[in-house]
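Just one chain follows, in the form predicted on its own, and it is written as structure tokens.
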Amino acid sequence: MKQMPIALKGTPQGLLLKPQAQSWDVILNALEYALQDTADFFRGGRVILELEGHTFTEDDLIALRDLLERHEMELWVVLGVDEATQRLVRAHGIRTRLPGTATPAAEIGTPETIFARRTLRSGQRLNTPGDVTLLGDVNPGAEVIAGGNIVIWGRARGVLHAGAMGDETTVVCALDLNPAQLRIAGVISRAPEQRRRHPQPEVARIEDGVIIARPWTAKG
């Protein structure tokens, strides 16, 4: 599988950005595409840049900061850089360690799971960087957007987007899975024109580049 230029991960502290490519033009182009694709999900967030094994010049910093500011985001912390780069980053008012940690390369927490007991009606949206379990229905015109997996204990009729930060291993499960749009990472599937008369629990995941829904059983 081809390596992505960047890796994005939602954490309680902020959005973790890990460059995978060496070229900053490639990294910035990939980030621009990701932020445009899920603008509402990321808007207003803080970014933690982890730079293990990458060089980082002042031009790179300014270009990254400008890109994030266009999407109403803040470059909050830069981790994994040498002393000279730390001085450069701090001169621009950016942290080089997470608050409350002893080292710049401290382990970053995993996203929390949201459990909600409600029905989402048209115009309502549920966003989370982690997993979401919803005990209720997702009506037409409602949205669930998650950085992780989505589990709906009810009818799913709205828009569902799992793996919103690019995780293609996430899944969407529902007792009645018939959304207006189903999306996992960057792969999109739309509902069939004819609604099934006898819906059954299903789990959807990416297989061979497309989204496939199969019966949701104890074996997964």
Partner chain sequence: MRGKIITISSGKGGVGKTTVTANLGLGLALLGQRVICMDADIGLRNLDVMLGLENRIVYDIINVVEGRCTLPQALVRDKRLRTLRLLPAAQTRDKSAITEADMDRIAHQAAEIADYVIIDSPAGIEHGFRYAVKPADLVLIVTNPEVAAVRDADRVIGLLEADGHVPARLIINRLKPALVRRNEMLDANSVVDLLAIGLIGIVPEDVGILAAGNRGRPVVLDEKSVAGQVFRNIARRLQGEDVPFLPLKAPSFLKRLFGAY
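Treat the numbers as computed from the prediction; the structure is a model and nothing was measured. Positions refer to the first chain, counted from 1.
Quick note: we don't show the form predicted together with the partner chain, though the next part is all about it.
Checking H54, R65, R155, R46 for any heavy atom within 4.5 Å of the partner chain in the model of the complex turns up a single hit: R155. Checking G80, G141, G130, G136 against the partner chain in the model of the complex, a heavy atom within 4.5 Å turns up for just one residue: G141.
Judged by heavy atoms within 4.5 Å of the partner chain in the model of the complex, the contact stretch among the candidates 70-78, 114-122, 87-95, 143-151 is 114-122.
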